[in-house]
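First, one chain by itself in structure tokens, the form predicted alone.
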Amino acid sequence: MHADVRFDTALPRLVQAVREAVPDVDFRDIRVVRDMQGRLFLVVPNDWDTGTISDLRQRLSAALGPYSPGEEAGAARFNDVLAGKELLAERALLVWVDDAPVHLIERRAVGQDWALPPEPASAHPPRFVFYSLKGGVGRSTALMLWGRHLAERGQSVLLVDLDLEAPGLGAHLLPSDGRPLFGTLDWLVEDLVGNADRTPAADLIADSPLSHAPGLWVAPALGAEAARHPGNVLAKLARAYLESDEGAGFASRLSRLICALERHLSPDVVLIDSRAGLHESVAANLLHLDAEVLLFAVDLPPTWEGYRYLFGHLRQLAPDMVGGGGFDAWRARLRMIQARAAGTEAEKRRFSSSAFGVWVDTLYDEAPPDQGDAFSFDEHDEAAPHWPLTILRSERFEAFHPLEQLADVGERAIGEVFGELFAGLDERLLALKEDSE
């Protein structure tokens, strides 16, 4: 029994065992497959001799203990596995173990989208994903009010509720008799059985009266049919994230949903309310919708611990496999949002310092900011992804129901609390539109 082997230590043990057996090994030529239980399997070049492979299996079994598939199954040549040399082209995480670049292929029961890098997308209107690690930071309120802000300036805005476990946009922005027939959750369930064509985009969208100007459109998670059949909602949630019979994962299916909504409505901008936390479904929103990603946070240790977990994983997405303008452009589309702030300069700098520490350890390059094309920034660089746009803390927006309380709150209060955020996002949206012209 190898009681000292854990999930976190298994991969370094594998690297050590391989180096002991093959001192001149080039890790770029091999692949490590981690199965659904977490066991590690090594696939090596076809020219490795039988004696070396036999020795490797013994070493790996001894080194990995419960994380080995067994003494006779821990290593094989590419020609001896079902996928063959296609494994070399399969998407993998790039995990550095000391100076060894390990290409790790993840076989997951759920959450496979976290192991896939972003892909280039076809042309679409600007998209903004609103994300937070925890609820209660004002993420959805900010989304709703910026959407209204844009609509009242003549923009056609589509708000999409992808917080399927805690839907809110429909109840906040649409009167009960003004809901569309269906919601995004309904579409995902119907898509699983090839019935999405009978759930057209027109039946997923309704116009919100929150804006006096036309053009504030909402695709809620649930529509009028769910109100008639509330007992079915949890059964739908149990199926929403599944892979289709054709092998399309959640991210792929979600991308088709967003594209269908955009084709129907032709909005100027799309705002997406993401589920909070590190759930498997969040990967689709953060990685696979070709969107700007707003990372809401309050300056507390649990927040930064959670973002360290998230960014630490994202760093492993092999940089040479990230499309859509490259790894730098992808990282640059992330932006911290300081929520529930007191509004002092000292507090903002503390937040920035906390964020900077996480970014430096994960998504920023190790090179100094002034060195070539390095993706790194000074701690006080206000153009850096870690430097936040700020939303002020205000009791007026606690338990805020926009349709009923907007007039009481007033435009001045909205400007005071959300002004910096709106200005920063307006500037980013304008830049995106100019880049697309």
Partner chain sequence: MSQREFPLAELHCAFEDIPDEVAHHQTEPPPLREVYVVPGHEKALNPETPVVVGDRGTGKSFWSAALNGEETRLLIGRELRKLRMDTVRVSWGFSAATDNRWHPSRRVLRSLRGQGFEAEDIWRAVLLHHLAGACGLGGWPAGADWAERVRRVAEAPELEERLLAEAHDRLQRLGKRHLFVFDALDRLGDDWRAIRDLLQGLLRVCLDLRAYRAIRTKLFLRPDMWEDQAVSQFPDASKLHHGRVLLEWRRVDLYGLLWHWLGNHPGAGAAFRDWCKDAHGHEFEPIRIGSETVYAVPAALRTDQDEQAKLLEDIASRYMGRDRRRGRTYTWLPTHLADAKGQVSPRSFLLALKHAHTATQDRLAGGTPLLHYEGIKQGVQEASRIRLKELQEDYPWIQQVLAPLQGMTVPCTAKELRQRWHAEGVVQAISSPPLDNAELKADDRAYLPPHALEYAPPGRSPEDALIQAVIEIGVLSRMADGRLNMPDLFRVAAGIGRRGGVRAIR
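Numbering follows the first chain given and starts at 1. Since the model is a prediction, treat every value here as computed from it, not as a measurement.
Below: the form predicted in complex with its partner chain, not depicted.
- Using a 4.5 angstroms threshold between heavy atoms, Arg350 counts as touching its partner chain in the predicted bound form.
- By the criterion of a heavy atom within 4.5 Å, Glu411 is excluded from the residues contacting its partner chain in the predicted bound form.
- Residue contact with its partner chain in the predicted bound form: Ala374 places a heavy atom within 4.5 Å of it.
- Contact check for Asp55: every heavy atom lies farther than 4.5 Å from its partner chain in the predicted bound form.
- Residues placing heavy atoms within 4.5 Å of its partner chain in the predicted bound form fall in a single listed stretch, namely 331-339, out of 185-193, 116-124, 215-223, 331-339.
- Only one of the listed residues (Arg308, Arg153, Arg107, Lys134) places a non-hydrogen atom within 4.5 angstroms of its partner chain in the predicted bound form, and that residue is Arg308.
- Gly357 is the sole member of Gly343, Gly357, Gly326, Gly178 with a non-hydrogen atom within 4.5 Å of its partner chain in the predicted bound form.
- For the three residues Asp99, Tyr364 and Asp381, a heavy atom within 4.5 Å of its partner chain turns up in the predicted bound form in every case.
- With contact defined as any non-hydrogen atom lying within 4.5 angstroms of its partner chain in the predicted bound form, the stretch 179-203 contains no contacting residue.
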